[in-house]
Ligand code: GRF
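Just one chain is shown here, as C-alpha cells, and it is the form predicted on its own.
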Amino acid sequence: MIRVAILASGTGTNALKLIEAAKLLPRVSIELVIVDQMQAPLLQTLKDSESGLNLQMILQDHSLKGSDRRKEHEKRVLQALHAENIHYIFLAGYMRILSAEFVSLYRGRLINIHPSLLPKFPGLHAYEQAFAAKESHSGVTVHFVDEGVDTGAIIAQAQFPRLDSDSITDFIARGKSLEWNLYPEVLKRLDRDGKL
C-alpha cells in the first residue's frame, strides 16, 4: 500500500475529493489528515461524516516566537507523519510555507495544487490575478513542492477558458471544479503507476 497524508487548513474541498477518490483505489490509502486551524471547516466536516480517518489537529504554539514556532510545529507534524509511515503528502489548501528541511525529507513525495497555469501567477490569489490580467484562459497545476513558492516540477495541468460573461465568481467556480477533478486524477495515477 502507498500510504498518503493530507495537510489542510481551510474548507478542505480538495481534501474531501482526494478522500473520496482513495476509497476506490486498491494501492493508495489515506492514512492521516492533519489540520492546522481549529476553526477549519474540514475538521467539522470529517468529524460529522464519521469517516474513520486518522484526523489530527496540530496547531502552532503561540507561546513561541518566529522560527521557533515554525520549527516546533513542523516537528510535531513530522512526528505524526513518521508514526503513520507516510509515503506521500498531498497539500490541500495548507496555508503554510514549509521549511527547506521539511521539504528535503519528502522531496519528490510532497505534492500541491495551485490555481493557475504555473509558472504564471504563483503565490496567493492566482485566480484573481489571472482574471484581472484578462487572461483568455486559466487553469490549475499539480506540482511537486520544492524550496520555492510554487516552483516545483509540474505533475499535471488542466485549463479552462475565460468567457465574456464571466464574473470573478464564475471564473473561480470553474477553476475550483477543475481542481476537484485534476487532484484525484493525480492520486489515481499514483495508484496505477506506484509513483509520480
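In this text the structure is predicted, and so the values were computed from the model without any measurement. The first residue of the shown sequence is 1; numbering continues from there.
The same protein also has a form predicted in complex with the named molecule, omitted here; what follows describes it.
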The named molecule contact at Ser177 in the predicted complex, heavy atom, 4.5 Å
no
Would you please decide whether Tyr127 lies within 4.5 angstroms of the named molecule in the predicted complex, comparing each non-hydrogen atom pair?
yes
When the contact criterion is heavy atoms within 4.5 Å, does Ile113 count as touching the named molecule in the predicted complex?
yes
Is there a heavy atom of Thr11 no more than 4.5 Å from a heavy atom of the named molecule in the predicted complex?
yes
Residues of 87-107 having any heavy atom within 4.5 Å of the named molecule in the predicted complex, listed in sequence order
Ala92, Gly93
